[in-house]
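Shown below, as structure tokens, is a lone chain in the form predicted alone; questions about how it binds or moves come after it.
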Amino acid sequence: MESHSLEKFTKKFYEDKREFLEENYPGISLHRLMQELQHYSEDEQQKRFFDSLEKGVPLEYIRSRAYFYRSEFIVNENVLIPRNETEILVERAAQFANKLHRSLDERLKFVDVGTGSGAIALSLIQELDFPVDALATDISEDALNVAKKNNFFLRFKYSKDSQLDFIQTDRLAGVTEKFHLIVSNPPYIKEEDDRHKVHGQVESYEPHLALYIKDAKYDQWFTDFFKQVDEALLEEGLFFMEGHEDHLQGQKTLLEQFNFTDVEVIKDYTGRDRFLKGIKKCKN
């Protein structure tokens, strides 16, 4: 489609579908649509773009790319689209790792539990200007394939002496290594009680395995997870997890029942409870 005709079509499309677009794409604008269209030069690609918009497919899935922290990541329906607020987790974890590194006589080790696209693990390892040993786990083989692709394309952005490995497992099951830092953005939405708060676009297109936990299993799921974290974290190591604003205070109380101190719920950019952090206690 010629440039002038495409612009005219896009303006009409935006005007005709504006209510639907604003509902499914918060903050969408005609300018943003025109920007997205720059990625599609062929008529067939442009047609698929508009067809996908009419279905409410997230822009990141349409283009198979999402920007997070300092990099662009491959994404598809097997992984969550990384959110801006999760950058707080990367920033805090990097601050801790950089500070701890100065007092270590060994290589720093961290693990990202439920890595999805690998956005957290890869963003964190890029922030560290010293060699580390890192691990990323996920229960989904399809998700790990996406993370491995992202690692292939972003490998040049972190220290050539660092090592990042991937393991398919449920949380930390079967992982015997010990870590100085454990980060995670696990599923944290109750499948029934919390579902009404989930945006329709998220419900329709993002992977439910990475979103939901059955209500009856919710508390036990996190009890088991925190036990794994307790066993895998070295003394004075940091655990930093993203969670649901309605459940983090209860999970704070739960984490305090394990060997953790300085347990704290941290807010996101909008002032909502978003993260849980704790430091592994020393035995003496």
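Fair warning: this is a prediction, and the values are worked out from it, not measured in the lab. Numbers follow the displayed sequence, beginning with 1.
A second form of this protein, the form predicted in complex with a small molecule, is not displayed here; the remarks below concern that form.
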For this chain shown on its own, do 67, 126 and 243 all sit within 4.5 Å of the small molecule in the predicted bound form, going by heavy atoms? no
Taking the partner as it appears in the predicted bound form, which of 150-158, 80-88, 126-134, 102-110 has residues with heavy atoms within 4.5 Å of the small molecule? 80-88
Pick from 139, 202, 94, 175: which has a non-hydrogen atom within 4.5 Å of the small molecule in the predicted bound form? 139
Quick one: from 40, 50, 221, 258, grab the residue that has a heavy atom within 4.5 Å of the small molecule in the predicted bound form. 221
Does at least one non-hydrogen atom of residue 122 fall within 4.5 angstroms of the small molecule in the predicted bound form? no
Can you tell me whether residue 170 touches the small molecule? I mean in the predicted bound form, with a 4.5 angstroms heavy atom cut-off. yes
May I ask you to state whether residue 198 is within 4.5 Å of the small molecule in the predicted bound form, using heavy atom distances? no
Non-hydrogen atom contact residue 210 with the small molecule in the predicted bound form at 4.5 angstroms: yes
